[in-house]
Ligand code: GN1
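Just the one chain here, the form predicted alone, laid out as structure tokens.
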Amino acid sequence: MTNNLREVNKIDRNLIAIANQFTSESKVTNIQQYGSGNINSTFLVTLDAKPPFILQKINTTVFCQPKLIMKNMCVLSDYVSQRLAQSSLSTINRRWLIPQVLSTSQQQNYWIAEDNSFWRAISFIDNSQSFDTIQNIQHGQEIGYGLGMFHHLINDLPIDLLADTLEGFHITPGYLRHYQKVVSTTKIKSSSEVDYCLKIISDRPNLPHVLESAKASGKLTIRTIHGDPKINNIMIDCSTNQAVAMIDLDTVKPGLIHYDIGDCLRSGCNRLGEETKDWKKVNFDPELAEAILQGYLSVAQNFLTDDDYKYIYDSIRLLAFELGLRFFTDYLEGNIYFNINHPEHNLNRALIQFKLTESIEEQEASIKNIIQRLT
């Protein structure tokens, strides 16, 4: 018996049975947990005669309409595959992939197990890796390129083909209203950290509305977006160190591309990362911001408007604030949404994002100069 088969024998046989729903004429030789996501359960499935694939159990508490998620993914995958095959894009001298949805033997793009858990399989992006923090300037440029290429490929994808699977996602005024309701009905235990968060929010009454107001006035328009373009959702080729794919496509939906731009820069320009315990040292790095924007604009300039450029700074500032607001609200509610490792985890996460917000504000002139210089 091979080592791989011994490993399989240790695995829950139900998991093997689910993986087998997405295989044909090939046997499962190994299944192992994969990645560090805290929403879905993800596994890498190795086969004896075919390439490996990713098997995921969808968190139906967060994604309560998983069939719509799969519909969106199939629409996106088919559309981008056609775009990549076009002559205007086939001259790109680098690898770029879109995860493909795999079907069961019944030609379904999902499998519902006996316990009603919802499973899907997608192709594995081989010879690639992701990082939680930007490693160097070249990596920053590739992160920007990856998001820019993704937006370039989906820019003309009609939004009416996609379902809004997470209504209210990134709509900061909605998060603010929920926060205000929680504050009004919760006995808050004061501390220097809690008081800092409360003040950050109260001192910025107009910030939550900046992008939604621009949308309402017609300055910004709804397009197809990724929805969660953190830097660890951009895969880097292990051989070339170039961006090769965007993964984690559950949040693809109609929205403002500024949600994507702001979230990518927010997550990428904090060298200490999302989980540092030393939150007071968190700083927004303009050098990394320039690298990301340079990579992004190298493929995104053709579809950006003058108003799009004007709101890039606001998007960076807002997305850091928004995530801090969400973390802090969850902390006040008793940690009911985000996975935590200890009771103060979401408070610490909020402190990181709010400190990042302040750092962005302190460097407003520098960031705006970078944007102007690159456009």
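Take the two forms, superpose them, and find the largest set of C-alpha atoms that agree within 1.5 Å; that set is the rigid core. Just so it is clear, the structure is predicted and the values come from calculations on it, not from any experiment. The numbering used is simple: start at 1 and walk along the sequence shown.
Here the subject shifts to the form predicted together with the ligand, a form of this protein not shown in this document.
- Interface residue remark: Leu323 is counted as part of the site for the ligand in the model of the complex, having a heavy atom within 4.5 Å.
- Contact check for Tyr309: every heavy atom lies farther than 4.5 Å from the ligand in the model of the complex.
- Using a 4.5 angstroms threshold between heavy atoms, Asp248 counts as touching the ligand in the model of the complex.
- Contact between Leu166 and the ligand in the model of the complex is found at the 4.5 Å heavy atom cutoff.
- Only one segment in the set 102-110, 261-269, 294-302, 193-201 has residues whose heavy atoms sit within 4.5 Å of the ligand in the model of the complex; it is 261-269.
- Candidate site formed by Lys230, Asn233 and Phe327: every one of these residues places a non-hydrogen atom within 4.5 angstroms of the ligand in the model of the complex.
- Shown without its partner, this chain lists Leu68, Ile340, Ile39, Leu47 as candidates; in the model of the complex, only Ile39 has a non-hydrogen atom within 4.5 angstroms of the ligand.
- Of the candidates Glu274, Glu212, Asp285, Asp237, Glu274 is the one whose heavy atoms come within 4.5 Å of the ligand in the model of the complex; the others do not.
- With contact defined as any non-hydrogen atom lying within 4.5 angstroms of the ligand in the model of the complex, the stretch 104-123 contains no contacting residue.
- Superposition on the rigid core between the shown form and the other one places the CA atom of Gln65 less than 2 Å from its counterpart.
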